[in-house]
Ligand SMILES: NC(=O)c1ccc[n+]([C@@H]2O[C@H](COP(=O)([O-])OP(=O)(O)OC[C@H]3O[C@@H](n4cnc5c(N)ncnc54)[C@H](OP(=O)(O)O)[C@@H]3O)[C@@H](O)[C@H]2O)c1
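Take a look at this one chain, the form predicted on its own, written out in structure tokens.
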Amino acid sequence: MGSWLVMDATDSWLNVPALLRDPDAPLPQPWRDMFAPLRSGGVDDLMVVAQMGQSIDGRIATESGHSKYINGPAGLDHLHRLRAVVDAVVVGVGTAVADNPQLTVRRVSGPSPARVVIDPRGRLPASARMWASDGVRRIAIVGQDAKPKLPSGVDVLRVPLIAGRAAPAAILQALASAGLRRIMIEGGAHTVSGFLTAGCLDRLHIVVAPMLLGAGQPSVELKPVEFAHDALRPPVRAHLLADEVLFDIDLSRQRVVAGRANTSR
């Protein structure tokens, strides 16, 4: 594991979103160690990071489904900083329906990314908050035969479905063709787990809050292994965020080739 880093909520963050998009610009500490790896991927033209917030015992919600808020202010600030440095933030339709998120940058300085929902059957209503017309690009990823009812200005990307689901690699290819290169998979747990299992993540940020829920929805679900030595053991760096801990997990060794961004768009 890497070194511990106490995050500093000072004005040193103000220029980080712009500096990160300039490959030749150095990032100031304390942000360099955490965000510099998100500049580019080593497998193809894309950088794909997922983010999860959980309790110490690996839960993202109670048994009743309550999840607001497991993470405290520092963990939520980190989530919004991630949004500020990516081109697009992606959620599954289950999360979009259940939580009705805005997916904007509000807690820190920086631009809001394109908002993307994976919605194979086109069931997210036009009234969803992520469809708010605020000048930020909005995208629905749907199946070939879906007939979504969307507000004016929402882009539709169609992908083939396998057993009713869109493959993570196909989703990344569609986003790359739309000119999006740095992508964050924000949720929910099923969507993040699917991208992880498919080898479609460069990095995974897990922010652990100082609480024990005892039961509830697990953060990541993977195929079980029989022996501990068969478990996935990627390189990890740990950073202290006030009273929470961020685990920055490097998954680049298992990342599959997905696509190249369409820079002509």
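Model, not experiment: these values are computed from the prediction. Residue numbers run from 1 along the displayed sequence.
There is also a form predicted together with the named molecule; it is not shown, and the following applies to it.
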Decide whether residue 65 counts as a contact residue for the named molecule in the predicted bound form under a heavy atom distance cut-off of 4.5 Å.
yes
Can you check whether residue 94 is within 4.5 Å of the named molecule in the predicted bound form, heavy atom basis?
yes
Residue 120, heavy atom within 4.5 angstroms of the named molecule in the predicted bound form
yes
Using a 4.5 Å heavy atom cut-off, state whether residue 155 contacts the named molecule in the predicted bound form.
no
Given 132 to 140, 190 to 198, 172 to 180, 104 to 112, the stretch touching the named molecule in the predicted bound form at heavy atoms within 4.5 Å is 190 to 198
Tell me whether 60, 99 and 186, taken together, all sit within 4.5 Å of the named molecule in the predicted bound form, counting heavy atoms only.
yes
Can you work out which of 46, 38, 209, 52 has a heavy atom no more than 4.5 Å from the named molecule in the predicted bound form?
52
If the cut-off is 4.5 angstroms on heavy atoms, which of these, 84, 128, 150, 166, is the one near the named molecule in the predicted bound form?
166
